[in-house]
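As a starting point, one isolated chain is supplied in structure tokens, in the form predicted alone.
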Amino acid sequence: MICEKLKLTLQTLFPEPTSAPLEAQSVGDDQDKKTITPPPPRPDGLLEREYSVHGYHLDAQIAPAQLLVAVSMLDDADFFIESITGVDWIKDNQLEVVYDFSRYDFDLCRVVIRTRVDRKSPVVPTITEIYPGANWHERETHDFFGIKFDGHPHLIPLLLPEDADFHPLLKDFKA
């Protein structure tokens, strides 16, 4: 019920993509070693997902400039932030920030918000003004991926040494 209401609200700002996301393609036959070609980045928009397959109901790919609006909508609908993490799309020269949201009540609805930024200048707005609990999640994501959360009140290393000048979850990181 809440997912349907939220979907209608989110669709007003983030319509469904005009093209469906492409799935990964397998190349080669069963006797050959299979090569998996990853799909290209999907267009921005809102997709409804099957919970039993994906683990969430709504999946919104949005521009960083839309992030605070989307997060505010989830806060207004009584969602809490579960986690924030990053993904390094090195071949696309992008980093993605992934936000997972859920609710405490019995109306199960899990939402994923994704936003991509250029790998050379990975900056997204902080959501700590909306969700103060995002503070540590953003610090951890900054530690491991180098994504800067603009406006964060205290973006210092959380798990890495204070003088660390590396981000160990970037695909081109060398120890």
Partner chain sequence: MNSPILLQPDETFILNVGPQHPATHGVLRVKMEMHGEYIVNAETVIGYIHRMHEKMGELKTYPQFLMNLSRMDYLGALGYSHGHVLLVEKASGIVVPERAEYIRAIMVELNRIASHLFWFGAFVMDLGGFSPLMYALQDREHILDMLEAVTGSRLTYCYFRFGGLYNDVDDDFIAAARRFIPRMRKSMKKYHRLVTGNIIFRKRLEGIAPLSKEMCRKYGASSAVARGSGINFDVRKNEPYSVYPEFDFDVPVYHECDSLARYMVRMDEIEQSLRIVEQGLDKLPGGPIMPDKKPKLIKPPAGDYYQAVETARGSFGIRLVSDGGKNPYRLKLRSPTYSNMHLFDEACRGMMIMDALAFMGSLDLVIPEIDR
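Residue numbers count along the first chain shown, from 1. Owing to the predicted nature of the structure, the values given are computational and were not obtained by experimental measurement.
One more form of this protein, predicted in complex with its partner chain, exists but is not displayed; see below.
- When its partner chain is considered in the predicted bound form, V97 lies well away from it, no heavy atom lying within 4.5 Å.
- Remark: L159 counts among the residues lining its partner chain in the predicted bound form, judged by a heavy atom distance of 4.5 Å or less.
- Using a 4.5 angstroms limit between non-hydrogen atoms, I147 is distant from its partner chain in the predicted bound form.
- Its partner chain in the predicted bound form comes within 4.5 Å of a heavy atom belonging to L170.
- At a distance of at most 4.5 angstroms from its partner chain in the predicted bound form, none of the three residues K120, H142 and D165 contributes a non-hydrogen atom.
- Contact residues in stretch 86-102 (any heavy atom within 4.5 Å of its partner chain, taken in the predicted bound form) are G86, V87, D88, W89, I90, V98, D100.
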